[in-house]
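There is one chain below, alone, in structure tokens, taken in the form predicted alone.
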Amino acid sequence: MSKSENIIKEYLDYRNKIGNRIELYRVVTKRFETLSALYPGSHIDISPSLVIPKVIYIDNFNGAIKFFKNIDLIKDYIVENKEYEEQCDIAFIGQDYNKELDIEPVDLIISQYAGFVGQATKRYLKAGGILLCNDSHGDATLSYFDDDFEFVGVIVNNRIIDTNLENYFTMPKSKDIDLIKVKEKMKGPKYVSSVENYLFRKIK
């Protein structure tokens, strides 16, 4: 097996392990006309580059750093399989996403099981840009109570739903949400209604 084949097999094996998120990224990209994205804590999930022309991946995990050392081979794969006409622009930053980044603002930030991504990197999101996140570590909860964001939708079975959103982020018996506990435990509360992915628009 060639080096290129090994790299792609590593990605495909990882994709099979976490679930193929390509349709998730495709749905968001089509709805919001996304041309650029930032993916902190990406590990080796390069699926966004198949549907988004410019993606910056950030991860300080050694496995991700080693994988992206073959970025030319990765780009070759993306160019062969991408779903857009624009040129593919892919970059990797091997550091903690909480540290300062020298990048231009993007249309989309992707947060998937990687901590408080929205809070740490929102300054790199354009006004009007979209944060796609889940609440496994409480990222969606913190975004919901963040005045910089507006809650605009959820994704269910790879469909964006933007109505009846008041059903989300509501605790049983109308209990209050303890944000301090969320930050300490890095875990989203158990709400009356919850989904895997939430959408927020940056409003300032």
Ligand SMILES: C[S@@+](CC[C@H](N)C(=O)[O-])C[C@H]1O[C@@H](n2cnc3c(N)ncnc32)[C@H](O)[C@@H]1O
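All residue numbers are counted from 1 along the displayed sequence. In this text, all values refer to a predicted model and were calculated from it rather than measured experimentally.
The discussion below concerns the form predicted together with this ligand, not included here.
Exercise for the section: Report the stretch among 82-90, 69-77, 124-132, 106-114 that approaches this ligand in the model of the complex to within 4.5 Å, counting heavy atoms only. Expected result: So the stretch in question is 106-114.
Handout entry: Contact label in the model of the complex: F61 to this ligand, heavy atom within 4.5 Å
Key = Close contact exists here: in the model of the complex, F61 approaches this ligand to within 4.5 Å, heavy atoms only.
Exercise for the section: Examine H43 and determine whether its closest non-hydrogen atom to this ligand in the model of the complex is within 4.5 angstroms. Expected result: Yes, H43 is a contact residue.
Exercise for the section: Report yes if any heavy atom of V192 sits within 4.5 Å of a heavy atom of this ligand in the model of the complex; otherwise report no. Expected result: No, no contact at 4.5 Å.
Exercise for the section: Determine whether any heavy atom of L12 comes within 4.5 Å of a heavy atom of this ligand in the model of the complex, and answer yes or no. Expected result: So L12 does not count as contacting this ligand.
Handout entry: Sequence-ordered list of residues in 2-22 near this ligand in the model of the complex, where near means a heavy atom within 4.5 Å
Key = Contacting residues: Y14, I18, R21.
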